[in-house]
Structure formats: structure tokens, C-alpha cells
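A lone chain, given as C-alpha cells: the form predicted alone.
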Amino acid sequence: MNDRYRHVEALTRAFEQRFGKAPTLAARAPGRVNLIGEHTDYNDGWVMPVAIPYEVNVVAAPRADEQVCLVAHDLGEEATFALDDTQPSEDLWQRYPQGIAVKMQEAVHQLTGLDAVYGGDVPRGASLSSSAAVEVAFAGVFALAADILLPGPEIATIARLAENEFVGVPTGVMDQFISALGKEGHALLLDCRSLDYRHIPINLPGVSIVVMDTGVHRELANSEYRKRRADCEAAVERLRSRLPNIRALRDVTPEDLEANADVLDETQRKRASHVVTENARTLEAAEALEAGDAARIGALMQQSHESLRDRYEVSAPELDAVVEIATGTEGVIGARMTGGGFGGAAVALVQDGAVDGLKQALATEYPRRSGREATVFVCQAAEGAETRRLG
């Protein structure tokens, strides 16, 4: 699945039916899956996601006033807001595009009103960042409508602010960054503090990225996610009594943690241990991916999953089940849970000839172990966000 803007034709028909005119602008932004580097982003660490070929498309036309009329095609919902309206909507779906408008204007970008229809095929609730895709796509179309040159890193920063401060979900910057700056055939190694990034070629010929949705969907803005962040912040505060120059767990080495673990309670030790070792795994995985060292990548993915399960305690029985089924299937290089946890999806790197075998194993074993069915998405690393003029 490599065709981009594939939803534009259907969205254009919906736009013409609703607004009685043709759209003149289009934007697309993909979802993502994180290969490794989980719960490190808000600890100023490193992540290594890829954009996936499932995307959100927006078609739009500028208005002469400062109103934004939205049609969420997939949801069958419609809403209108004014560009100067900074009060978050009660409807969660509306907050994402509205938050982008608010945060772009706070960044001193002069916007124009829009009529817009959007939709796509990024699975919602599967830890594949459908919300970030909506945010990045709308940042692109607002910028195009107002003739604003908005570089990818700025789009990602604005989109993250919209999610954190307007929608109210305390994510890191990874989701928006990979959606804006993904590159076909590459992963993205991102330093979540400096926002320095490097595209890492996926030198694994004949290998697919397989996303396994457990069917257990949990909102990221939940109490357990917030607790993990609070645990990490508390660990930093305590470690700072011995390591005064640290700002986040990204500044703590494994040796630092071992030497000073006595200042932490048991929970803080486990949380910090995951983050510190996951950062090291992510940097090592980038080198292994570029070198085409499949065995090393697989081992690091397994270590990551075990750490998330045992130290960070964000896995779930369903996630453990799909990972165990995958790692027990011949031709699977490695597998791990991905995303915030407590449900959602796992990711595997799989030799192309083994994909059907993995699907069969999941179809047979996962319902037996969980009472559920897994949805499987087979993909390659895709291109990041784009905009274009229509007609």
C-alpha cells in the first residue's frame, strides 16, 4: 500500500455535496508505529519510529471570513468554530483541528478560515497515532491556505502543543514528529530533547513491519499513563540529590542508576531502570538497523518488551500473548508492544515469506488465549506529511 492521498477522491465528493463547490487544497499525514524507544520521549530520550502507509487526508477551500467549518467524514460529524475561539470544544474530535488553529496563531501565524472535510484509514485506538495524523494534516492545510512556509519540525512542535495543552493529552513529540518527517524506507532516530533527528535506512531486504492490534483499546489520556510520568519525575527529583546536573532520566547512565538506586523507592527504581536501559537499546538498535543486523535488532526488541512488561508495567495479557505468538513463529525477527500500553498494538519485524504463517498463528492462538481476534497490518516505512493544491 504505497498510494498517497488515496482518500481525496471520496472526500472531494463529500466536500462538493456539503459545500456546493470543489476543494482547492489537500493535505495528508500518516500514522506511525514505534520500532523501539517506548516511554522515553517525555523523559527527553531517544525514539525510533516509522511512518506507516495508513493516513489522514484533508480536502479544503479557504473562506472569506474567519470561520472553520469541519466535516469529519468517517465519524459523520460536523462542527464550526471561529479562529479566535480559544475555548476547547466539548467534542474531543473537534479539539484536534481546533487546537492546531489556536497554537498556530499563538505562534504568530495569520490564518484564514476554511471549509474542510477529512477522513482516512489510520486505525483509531490501536496505538498508531491517528490523532497526530489529524493534527499534522490540519497544520499542513492551514499553512497552505494562508501561504505559510511551515517546516516539518515546527509542524511537529505546534501539533504537540495542541495535543498537550488544548486536547489535554500529555504526549511527547514523537508521534507528531514522525508523521511530519517520515521518510519512505527509513526509520527516524529522534532525540526528544534537542529534536535533532536522523533518517535510518532499514537495511533488512525482504522484511515487513507487521502491526498486531490486540483489539484492547485504551485512551492514552488515562491515569496509569500519568502515573508513569509522575514516577519518572519523582525519580529525577530524588536522583538529583546525588546527581545535581541531571534534568531528566535521559541524563542518567546505567552506572549512575546502579550507584544511586538507594535514593529511590522500588517503583521509581523500576521505572527509571526501564527508561535508562531503553534509551541505550534505542541507540544500539539504530546502529543494528543501519548495519542490517537482524539478530541484534530482534534481541533488543525482546528486551524492550520484557522491560515494558516487568519494569514499566504497561503491558497487558493480550499484548504479551501476541508478542509470544510472534516470537514463537519461524521467520519473525523480533516483536514487542508498541505505544502507550495497557492495550493497543504490538509490532514485529517479519521476513516476507513468514507473514502468512504469523497471520495464521495469530488467527489460531490469539483467540484461544484472549477470547479476542487480532487485526494485522502489514506495511513498509512510508513517507511523511505532504500538501498540494487541487485543480
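Note that residue numbering begins at 1 and tracks the sequence as displayed. What you see is a predicted model, and the numbers here were worked out from it, not measured in a lab.
Another form exists, predicted in complex with a small molecule; not displayed. Remarks below refer to it.
Checked against the small molecule in the predicted bound form, the residues Gly334, Pro49, Gly339, Gly45 give one hit for a heavy atom within 4.5 Å, which is Gly339. Interface residue among Ser89, Ser208, Thr171, Thr277 relative to the small molecule in the predicted bound form, by the heavy atom within 4.5 Å criterion: Thr171. Using a 4.5 Å cutoff between non-hydrogen atoms, Arg28 does not count as a contact of the small molecule in the predicted bound form. Contact annotation for Asp175: at least one heavy atom lies within 4.5 Å of the small molecule in the predicted bound form. Interface membership of Tyr225, defined by any non-hydrogen atom within 4.5 Å of the small molecule in the predicted bound form, is confirmed. Taking the partner from elsewhere, Glu55 is found to have every heavy atom lying beyond 4.5 Å of the small molecule in the predicted bound form. Stretch 35-43 is the contacting one of 63-71, 321-329, 35-43, 357-365, since its residues have non-hydrogen atoms within 4.5 Å of the small molecule in the predicted bound form.
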